[in-house]
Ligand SMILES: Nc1ncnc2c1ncn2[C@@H]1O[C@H](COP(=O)(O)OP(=O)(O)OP(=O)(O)O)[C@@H](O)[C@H]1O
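Below you'll find only one chain, the form predicted on its own, shown as structure tokens.
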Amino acid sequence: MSNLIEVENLTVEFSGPSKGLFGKKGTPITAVDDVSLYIKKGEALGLVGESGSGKTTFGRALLRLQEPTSGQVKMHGQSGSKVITDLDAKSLRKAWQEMQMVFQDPQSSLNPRMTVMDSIAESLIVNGLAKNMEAAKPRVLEVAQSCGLSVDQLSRYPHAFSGGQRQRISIARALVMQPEFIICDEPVSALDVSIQAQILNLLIDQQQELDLTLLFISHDLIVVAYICDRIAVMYLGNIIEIAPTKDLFKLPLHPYTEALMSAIPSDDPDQQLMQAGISGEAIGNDATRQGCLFAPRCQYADKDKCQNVKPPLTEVNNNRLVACHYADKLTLNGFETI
């Protein structure tokens, strides 16, 4: 299976707060730190981590909704290979027909003054794929029905729908362009559990039917395990572990991954949560930081190597990557019920 998306040394920095009377710029804050990874055609890659770890910024940078500071994003689609980070505005707009995003809050991503029909058809008309609403209507009806929306609902406005229904509309808006790659940014985090399952099943069905490639961003490991083939773990803008889903849950190799596993509630009410030895909050990532970024919170860190030398993301087993000096010496607790 070939790669659809290849990310090389992607970095996104934001200016730090101004200091002093004359507004001298502070130290830049690194939201995404030299990230390299690939996403195979037809697979679903999960991206997990705490809030503020840089997941959403990374997803937006892939589409250049957030301009990267440095690095490259390559896409090897049906229309040929292209370097997304090198495209001019006109070419980028055309590339967006193949790359779409489903946002976390469908309420804010839908225009309250447009009907569902108009919202779904808008991108077809704006991009010249349909001359008018009459020409776009057959495609809109097809996609809406595949997303569980009835014909009579298309004349309504977003406020008339529940959160789950609005997310179906957002997914239909993304699919109407027939993209190859979709970024799902926390698409079910604001929904009830029963509705979450419906939306996840919808995404799985559409992925299989249309051979879609997904980047699924979430802080919920159980949700990611349900839909994703591989999982990448992000901490302070750095990818610290990548592994097939079952392997990651069975035997995490990074202490931070173990800590995330320990936060998963068990279905056994008498079973206590594992204690993974993580405390405090993540300390911001900037140019002055040295060593492993997780070291201040890691129970396995030493004061020499971990505090002073940043571990590279290296392959330790087939299809497994980890950034930890002692990954080959630690035996960490996983989550066996996945």
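In case it trips you up, residue 1 is the first one in the sequence shown, and so on. The shown structure was predicted, so the numbers you read here are calculated from the model rather than taken from an experiment.
The following text describes the form predicted in complex with the named molecule, which does not appear among the structures shown.
Checking 98, 247, 186, 122 for any heavy atom within 4.5 Å of the named molecule in the model of the complex turns up a single hit: 186. Contact annotation for residue 52: at least one heavy atom lies within 4.5 Å of the named molecule in the model of the complex.
Taking non-hydrogen atoms only, residue 39 never approaches the named molecule to within 4.5 angstroms in the model of the complex. Interface residue remark: residue 31 is counted as part of the site for the named molecule in the model of the complex, having a heavy atom within 4.5 Å. Shown here without the named molecule, the chain has no residue in 122-160 lying with a heavy atom within 4.5 Å of that partner in the model of the complex.
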